[in-house]
Each structure stands twice: as structure tokens, then as C-alpha cells.
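Below sits a lone chain in C-alpha cells, taken as the form predicted alone.
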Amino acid sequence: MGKALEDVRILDFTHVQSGPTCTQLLAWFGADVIKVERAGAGDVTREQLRDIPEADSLYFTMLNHNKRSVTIDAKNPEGKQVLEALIQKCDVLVENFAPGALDRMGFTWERIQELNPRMIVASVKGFGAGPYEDCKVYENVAQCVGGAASTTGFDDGPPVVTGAQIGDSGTGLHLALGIVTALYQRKTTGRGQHVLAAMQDGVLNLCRVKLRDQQRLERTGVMREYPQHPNGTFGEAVPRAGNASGGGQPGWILKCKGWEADPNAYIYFITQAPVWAKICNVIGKEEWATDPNYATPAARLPHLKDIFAEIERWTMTKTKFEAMEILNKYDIPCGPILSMKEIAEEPSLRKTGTIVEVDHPVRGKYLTVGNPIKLSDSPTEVTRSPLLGEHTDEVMAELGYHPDQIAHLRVVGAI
């Protein structure tokens, strides 16, 4: 069975996380991703956060599966010629350099179009056009400028960044969609185009419900589903809402049996309106189903803290898995707080390929996250990340270079 993107060749100028997330996803769908790295060093994440001396770090391996690595010196005139040959042969160039870096290498948009008018150039940048477009941005900075940090955490504490890499990996996912869309449009136009995914924009896209709430706040001055209601006050901007769901179905994280010793012995519990009567029965508060102070969603909003406190008295008598099993029988939405250890050991995630064990020639076996998107006609096989420059000769041969030419380029330091 073929792969969805098996006829697409990607020239990968990316490093660290945002760009490699994008190109790895394309590689999982079958694209031939050629990662261009610096000789002797490569992607900086090869050595960052190393847990095994001299082995590529998990930071690198988990973001660069299914790719080929070539080492080329872009400052060497003959190395630059190799890059030009690659541009002519590839469909997409992906980069997440600092603003202006690609131009300084001599590969402006105009030059790339001269070499290959069908080339799609895809870029991750911190900001779009505006006063900050030349600024560098990293994960937590993106979360701050995209609105996530100001709305995360508890109201009596500082802004908080999330452990989910919504700035880097989130933007990489956005860029991958842009690339696939541009490839589809090229079928009609025959032309390449520039695809830009700004990290600020990507984070804001994931925070759209908070922009919704900002406009609601400006009109009403209060948001009844937030924990600040009814006893707190609202300012001019959307506040931090703790563990509130931020939507029409109030939710909160509640303690479960064993919480005193286990920092993850908790469950997320949603008081969904259609199952309210079932919730009342489960926790032994049957009278709440008809009590005017609790019977309707609007009536419950001023009492949410008391409601969740009562539910927590019940959840604390059950482990998080016992509680989930009972609640699911009644279609009550909930979910245990799973630690990374529990996720790594979950058999169902191994079976679906969401968690994959990969064998590496230097570091040995390790766990990684597999393709989160499953296609029935394009199954993903996760292969190990490449060693630095492992495929340089192979790719050069595909470009038409003879062994003696390759040897010459290596002598002069072009590759």
C-alpha cells in the first residue's frame, strides 16, 4: 500500500522543535525528507539534554524520525551549488531560521523561484508582519505573546505556561497543513508559493475560545461559568480560570483516593447538563436533581464550588480508574490525570502506534510518540532518526554526482 505523500520531496532546513515537528509529520505520511545539517555538529538538539554520552539526545531522535541526513556547508561555493541542485529537485523547502537568515545564505524567495518555480517555501517565524517580525521567539515566549499564559493558571497566581508545546510543536502542525494545502493548490496553478506559520498566530489559533471570552467580557462585564463568579471580580481582560473548562459544560479537577501520596491521583469531572440527574444519583445527592437551586445549568453556576466539593467527597473514596469506570457507565464525562509514566506503559497506546518503541544503533531502544493522525490507506511506520550526515553520499548520487565528484566535494569541505 502506498503512502499519501510518497511522491513529495522535502528539503528540510529546520532545527530544534517547531520545524522538525512539521517535517517529521510529512515524513510519516511518506514524504522523502532530506535534512540539511552542519558538518560535525548538525541540529543543536543532537547534543542538548543528552542522557547517553555521545548518543543523539531524545530531544533530537523524537523529532526527526523517517528522515535522511546530509551535511552541507552552505558557505562553501561548491556546497551552495549542491543546495541549488537540491532546490531544483525538491518540492518543498522548510525552514525555521531566524528572520532574514535564508536571504543571507543567498536563497531569497526570488532566487529560489528562479531555480524552481514550483518550489513551495514554508517558514516558521515568531511573528507575522508587524513591529516584532524580526524578533526571535521560543516556546514559552510564543505561549506568552499568543495569549495562552495570561489565561492559564489560577487567579491568585502569576501567568503560567503549559507543558504542552503549543508554541513549537503546535506551530509545526499548522505549517504542515499549510504545506499540504499549497501542494494541493499547485496541482491547479503549477506554481509554488510561500507558506508562513507565525508562532504567535498558531498559539492564538489554539486560544480562540479566550478571544471569544474577551469579547463577551467587554459586553457583559462578567462570565458566569468562570470560578470568579459570583464572589470574585472581573477586570478588563479575560482572567486565569484555574481548571475550569472555559466552555458551556463546567468542569474541575478533583482529588481521588490516594491523592496524599500520588501527585496524579486526580480526575477531571464535567457536570454535563444532560446527565445531571445521573451525577446526583452517583454522589448520593438525589434531591439536587429537582432542587430549584441546582436543577438547571443557570441555577448551578453560582454554586459550582460547592457542587464540586460534594462530588470530590465521592471521588476521594475511589481511585481515579475506579471513578472513571463507574462514571462512564452513566455517560458522565471524565478523565483520569495520567502521568507520563502511565502513558508510557499504557498497552492501548502501543497497539495503536501512538507510543512506539524504536531501536537506534547508538542509544539502543527508546520510546517515542508515533503519528497522532491515522490514515486507513497510508499507515505510518516509524523509523529511527538519522545519524549525522548518514545519507550524504546516497543523496548526492541521486542528484547525479559520481563517486569521484562526491570525494572531491568532501575534500574541499563542501559536504
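For every residue, the number given is its place in the sequence shown, counted from 1. Being a predicted model, the structure only gives us computed values, none of them experimental.
One more form of this protein exists, namely the form predicted together with a small molecule; it is left out here, but the text below deals with it.
Only one of Ala98, Val160, Leu196, Ile343 comes within 4.5 Å of the small molecule in the predicted bound form through a heavy atom, and that residue is Ala98.
Checked against the small molecule in the predicted bound form, the residues Lys75, His229, Lys305, Lys329 give one hit for a heavy atom within 4.5 Å, which is Lys75. Segments offered: 35 to 43, 359 to 367, 22 to 30, 380 to 388. Contacting the small molecule in the predicted bound form at heavy atom distances within 4.5 Å is 35 to 43. By the criterion of a heavy atom within 4.5 Å, Gln17 is counted among the residues contacting the small molecule in the predicted bound form. Tyr138 belongs to the set of residues with a heavy atom inside 4.5 Å of the small molecule in the predicted bound form.
Taking the partner from elsewhere, Lys125 is found to have a heavy atom lying within 4.5 Å of the small molecule in the predicted bound form. In the predicted bound form, the small molecule sits within 4.5 Å of a heavy atom belonging to Met105.
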